[in-house]
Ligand SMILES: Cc1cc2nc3c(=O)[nH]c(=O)nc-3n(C[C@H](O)[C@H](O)[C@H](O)COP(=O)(O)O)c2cc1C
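Here you get one chain, nothing else, as structure tokens; it is the form predicted on its own.
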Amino acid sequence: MNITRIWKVYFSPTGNTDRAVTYLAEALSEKLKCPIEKYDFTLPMSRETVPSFSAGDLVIFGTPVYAGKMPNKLLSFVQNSFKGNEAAAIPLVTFGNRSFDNGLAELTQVLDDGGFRIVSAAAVASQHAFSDSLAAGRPDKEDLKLLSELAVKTVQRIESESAFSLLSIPGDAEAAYYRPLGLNGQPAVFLKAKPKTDTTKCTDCGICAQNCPMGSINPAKTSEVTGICIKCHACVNKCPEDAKYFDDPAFLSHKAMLEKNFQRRAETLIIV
């Protein structure tokens, strides 16, 4: 199998998936002596044109896990837009220290259905978008060491006759989404929660609107969220004035539950 080009393809509102995919792409590029191309489909305008792939490509395809699966508002786009054309692929998900649940299984299935040939896979523990204390600073040195190991083993697999033999991916691609819980152990429903703006801090710089993956923040009045919010926290994390926040009680209860119960170190998983 002759790989002539490596693609890093990802949805990464807060940057962690980008970091993991980029690290793996660079490690593979060094070993395979191939150029890297990038397709970041985080923002709405980037989803207007999708690159085409071919049998000589190795595509590292990354998304975060939301509620245990792929971000549901992006699922249809990924299913209908990407055609593998026999390109090799590495599905990679990032998760915020609780669990990747069925996210890796779902992404693997979507890519397989789209004509990609799965050569390896990874679920990378990363700092939770909701919290500064859950998996803070991850992916860290140990996570990146595992990605380096994945690169070595992936190259070995590509160079062998077993490159596309069946991999055992944990999870169920057809399973339902994880149901968030509050501190009281009961379901926490916050689908309609949207970020608020501290107008005493906000300078209307527009960075939040520019970085919203759903294009839901009004650039002319950034305190207005006119569309769907997927709770990705891009606006919160990228605001230079710390003016964006969530105050929905159910959301805050779920965040508190995560911070109480999931401080242990979740492990990054590589599959080759």
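All values derive from a computational prediction rather than experimental measurement. So that there is no doubt, residue numbering starts at 1 and follows the sequence shown.
The form predicted in complex with the named molecule exists for this protein as well; it is not shown, and the discussion that follows is about that form.
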Contact check for Gly182, Pro195 and Pro249 against the named molecule in the model of the complex, heavy atom at 4.5 Å: no
The named molecule contact at Tyr66 in the model of the complex, heavy atom, 4.5 Å: yes
Asn97, heavy atom within 4.5 angstroms of the named molecule in the model of the complex: yes
Contact of Gln127 with the named molecule in the model of the complex (heavy atom, 4.5 Å): yes
Exercise: Phe164 in contact with the named molecule in the model of the complex, heavy atom 4.5 Å: no
Residue among Leu28, Ala243, Cys208, Cys232 with a heavy atom within 4.5 Å of the named molecule in the model of the complex: Cys232
Option from 200-208, 58-66, 32-40, 220-228 whose residues, in the model of the complex, bring a heavy atom within 4.5 Å of the named molecule: 58-66
